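Below, in structure tokens: the form predicted alone, a single chain.
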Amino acid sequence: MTLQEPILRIERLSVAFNAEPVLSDVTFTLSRGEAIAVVGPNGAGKTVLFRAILGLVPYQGNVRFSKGVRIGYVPQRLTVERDFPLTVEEFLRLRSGDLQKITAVLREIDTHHAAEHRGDPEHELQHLREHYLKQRLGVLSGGEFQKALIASALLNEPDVLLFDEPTSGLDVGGEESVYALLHRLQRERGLAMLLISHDLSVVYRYAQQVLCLHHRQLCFGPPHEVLEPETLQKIYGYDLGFYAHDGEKKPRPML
């Protein structure tokens, strides 16, 4: 993949709450078509970094996007009660009132469903409405709910997508499906992505760069170059253990 000019520049970003430092001196760039994984233990400041980038918390330093850049964000958790009276269609219409656009995005996300109904758009829309769009958000499975969140982010036609642990609460099959979808969207749309993940196997497979945080920046670079045992010890405070993979020693995949 040939990377372009940076679409996002972070320079010496620091965040403090009640004079207590949460993040200190974070600096990196994100290019179009690039995926950066953000790793670190719970409470290390990963979500705070995202909130600062989105302008939701005060910070020191610089957050600079290229002119005209649109941002999509999928939060770590969005709790919805089962009886919450909002359907998937109503939720997505909060982002766009164009049902054709909503259908096109859902088709892009669920290529298997689209293939089943290719050539029959009326039947496809009817099937989507009956089996997905009319469903209340609170009764969706974890994977179907995540699909709605991703669709909502894509309806903004973003250039940059921020994913805060997008597979939190999903089973192994659901995790693989979501990460494969994100990788395909990145490739097909040329999206830039920032992705928080605790799964180092995902970092190795899908990220071109990794940003290591533990209240400050401990590393930034290609995963196979910067995820050394000493660095992981500094990040997590204990020995993760290593396993052989293609003749190399790499960290165990789950943190």
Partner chain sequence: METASLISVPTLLLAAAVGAAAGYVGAFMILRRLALVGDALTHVALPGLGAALTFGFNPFLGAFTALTAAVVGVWFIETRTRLYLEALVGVFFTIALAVGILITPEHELFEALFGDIADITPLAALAGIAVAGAAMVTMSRLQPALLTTTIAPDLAKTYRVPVRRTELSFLLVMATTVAIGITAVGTLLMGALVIIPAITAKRLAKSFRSYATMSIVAGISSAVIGVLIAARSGIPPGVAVVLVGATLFLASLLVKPQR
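C-alpha atoms forming the largest set that superposes within 1.5 Å between two forms make up the rigid core. Positions refer to the first chain, counted from 1. What you are looking at is a predicted structure, and each value in this text was computed from that prediction instead of being measured.
One more form of this protein exists, namely the form predicted in complex with the partner chain; it is left out here, but the text below deals with it.
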Based on heavy atom distances of 4.5 Å or less, which listed stretch (65-73, 218-226, 187-195, 204-212) is in contact with the partner chain in the predicted complex? 65-73
4.5 Å heavy atom contact, residue 103 and the partner chain in the predicted complex: no
So in the predicted complex, is the partner chain close enough to residue 123 to count as touching (4.5 Å, heavy atoms)? no
Heavy atom to heavy atom, is residue 180 within 4.5 Å of the partner chain in the predicted complex? no
Verify the contact flag for residue 108: yes if a non-hydrogen atom of it lies within 4.5 Å of a non-hydrogen atom of the partner chain in the predicted complex, no if not. no
Can you name the residues of 134-158 that have a non-hydrogen atom within 4.5 angstroms of the partner chain in the predicted complex? 134, 136, 137, 149, 152, 153, 156
2 Å or more on the CA of residue 157 between this form and the one not shown, with the rigid core superposed, yes or no? no
